[in-house]
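Single chain ahead, written as structure tokens, the form predicted on its own.
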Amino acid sequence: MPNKILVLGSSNVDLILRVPRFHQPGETIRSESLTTIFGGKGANQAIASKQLGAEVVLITRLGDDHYGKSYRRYLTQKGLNPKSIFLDKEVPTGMAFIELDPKGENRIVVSQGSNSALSIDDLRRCSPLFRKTKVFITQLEIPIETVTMGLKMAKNSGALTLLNPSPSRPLSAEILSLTDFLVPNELEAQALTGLRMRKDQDLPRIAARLLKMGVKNVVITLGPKGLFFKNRNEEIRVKAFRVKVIDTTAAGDAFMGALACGLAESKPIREVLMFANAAGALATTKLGAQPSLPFRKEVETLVKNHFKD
């Protein structure tokens, strides 16, 4: 089976507003700049994997408008097959409005647009793509019924399934049972389990609850604190890499793409987690979603230098 990664998910156009601080309800402040960049979790994760050397296919839906046509050309230029990048004549391209403060923290409001129309029928049209897939990735910026069907089709094809449960929402037992690797951040992990994390020692308890809910492996990303991994056999903690943070927007997507890439190459889990952690860290050092996604040499250099220190 080839090391092919299939990504099912969203594509958005990101409008990034640099703000001096996050403002209060009813308050108006000035933006220091406005930048327009291609984003969306599905496309971000696909390009992240692609830039790390994987063979990648993306299933997504864009509007048949200026943004959508431009985005489709861009994705094609990045080496993604346009046959599974659909244009919707009824719904405009999805948009994300991102506020970015001087510390690199962000607040995001998403207008789903054409992402809300990515359907089970689209998946059926793409069914041949699942047969050659080793790792399947999806997220929650598209309809939940499409996510569920994608996970089913991937499992039926023998693929390893990765779910990034973002934006946070309740998940059925069916979805969790179809998930080989669940990759929430700490807020999403708490929302899914109903358990609060008051200290790092609570991580095993939260991860254990997710395993009990049907997931096979849990990777909780912790931002500047690194990550926590747990399955039924082992627990692994990985500290964060020290980098100068500019923008955290696509760090989770870079992490997902690298995680999928490492798993597709059948690397040991500790090596995969270190590789993914490095990719996520590097993504915080540049502005924007896709422009910040690292290449393989950059990730390998960061990991190598880490072990030298």
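Numbering starts at 1 and runs along the sequence shown. Just so we're clear, the structure is a prediction, and the values are computed from it rather than from any experiment.
Note that the form predicted together with alpha-D-ribofuranose isn't included here; everything after this is about it.
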Establish, in the model of the complex, whether K50, A258 and L293 all lie within 4.5 Å of alpha-D-ribofuranose, using non-hydrogen atoms for the distance.
no
Checked M153, I85, V238, I98 for heavy atoms within 4.5 Å of alpha-D-ribofuranose in the model of the complex; positive is I98
As a check of understanding, the residue in D180, E141, D122, E188 with any heavy atom within 4.5 Å of alpha-D-ribofuranose in the model of the complex should be identified as E141
Consider T60 of the chain shown here, and say whether it contacts alpha-D-ribofuranose in the model of the complex, taking contact as heavy atoms within 4.5 Å.
no
Does any heavy atom of V110 come within 4.5 Å of a heavy atom of alpha-D-ribofuranose in the model of the complex?
yes
Does G39 make contact with alpha-D-ribofuranose in the model of the complex, using a 4.5 Å heavy atom cut-off?
yes
Going by a heavy atom distance of 4.5 Å, is N277 a contact of alpha-D-ribofuranose in the model of the complex?
no
In the model of the complex, which of 247-255, 61-69, 265-273, 28-36 comes within 4.5 Å of alpha-D-ribofuranose (heavy atoms)?
247-255
Does anything in 213-240 come within 4.5 Å of alpha-D-ribofuranose in the model of the complex by heavy atoms, and if so which residues, in order?
none
